[in-house]
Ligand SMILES: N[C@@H](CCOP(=O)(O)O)C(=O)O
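The data below hold one chain only, encoded as structure tokens and taken in the form predicted alone.
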């Protein structure tokens, strides 16, 4: 259960009174999630999501509010947070930072079809195009600068061949990205897995959970998406899903020559990023709550597949 801080109806009624959102009808804890307490809130006027932030850097929450406000203003399908009658979005509830969001329609796609891949690719291309002008700044907390020191913490738990693999990969990334040309920058989602999207059939209802949001290489965000959305069980890329997603993305934001050159290595770097972060949760820094960590093996498999088979040819940008 991912409600770590229970709330009473009276607490939520008092919280809602600050907003022009109607009166409480029902309150339901949401079992999904690993870090924060989430509730579905129904009022006599609308469906809402209430999030209490249980951990993480709370001083960074204004960045997420500003980013969601910005993307919402540009008509991206994100849950722009509700602001109270004084224009304030971020509040405290049960001694935790709290935000209230509209509840977006749809369900997580388990096995995304080609239409869903195209919908996500086109929307992510739009998001990245406008995010290049977002004025906020939060360095990417999981880029190469994080990989270099953090991978040492898990080496003792790995078989010798995996130790060598991880050390060699990080060294290769330093050569590829340390002195390479700067790639296009902007605001990123940072964790755009299938379970952070909502679909009604083939229509993308929303992109949610921006709490890994940051600014950095747009290509980093795109590689995370392709590794999750277009990888088969054996880690190899599915040509149709890969091409549908990337062609749709480039219809909104064509990749630069430098990005196309960096693409195979970025797929590897982002696969190792999740292999490492999941290993850290299992062996070094277990979750504060009694939750089952994600399996690190999935991204070891993807990394090994990228090494064995390389990247697929990138579709050309449509003109």
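Positions refer to the first chain, counted from 1. All of these numbers come straight from a predicted model, not from anything done at the bench.
What follows is about the form predicted in complex with the named molecule, which we do not show.
task = Name the single residue among 212, 231, 116, 123 that comes within 4.5 Å of the named molecule in the predicted bound form, judging by heavy atoms.
result = The residue from 212, 231, 116, 123 that makes the contact is 212.
task = May I ask you to choose, among 151, 128, 142, 242, the residue with a heavy atom within 4.5 Å of the named molecule in the predicted bound form?
result = For this set of options, the contacting one is 142.
task = Please name which of the stretches 90 to 98, 169 to 177, 186 to 194, 152 to 160 has residues with heavy atoms lying within 4.5 Å of the named molecule in the predicted bound form.
result = Stretch with heavy atoms near the partner: 186 to 194.
request  = With heavy atoms only and a cut-off of 4.5 Å, decide whether residue 294 touches the named molecule in the predicted bound form.
outcome  = Yes, residue 294 is a contact residue.
key: Exercise: residue 273 in contact with the named molecule in the predicted bound form, heavy atom 4.5 Å   = Contact with the named molecule, yes.
ask   = Looking in the predicted bound form, any heavy atom of residue 277 within 4.5 Å of the named molecule?
value = Yes, residue 277 is a contact residue.
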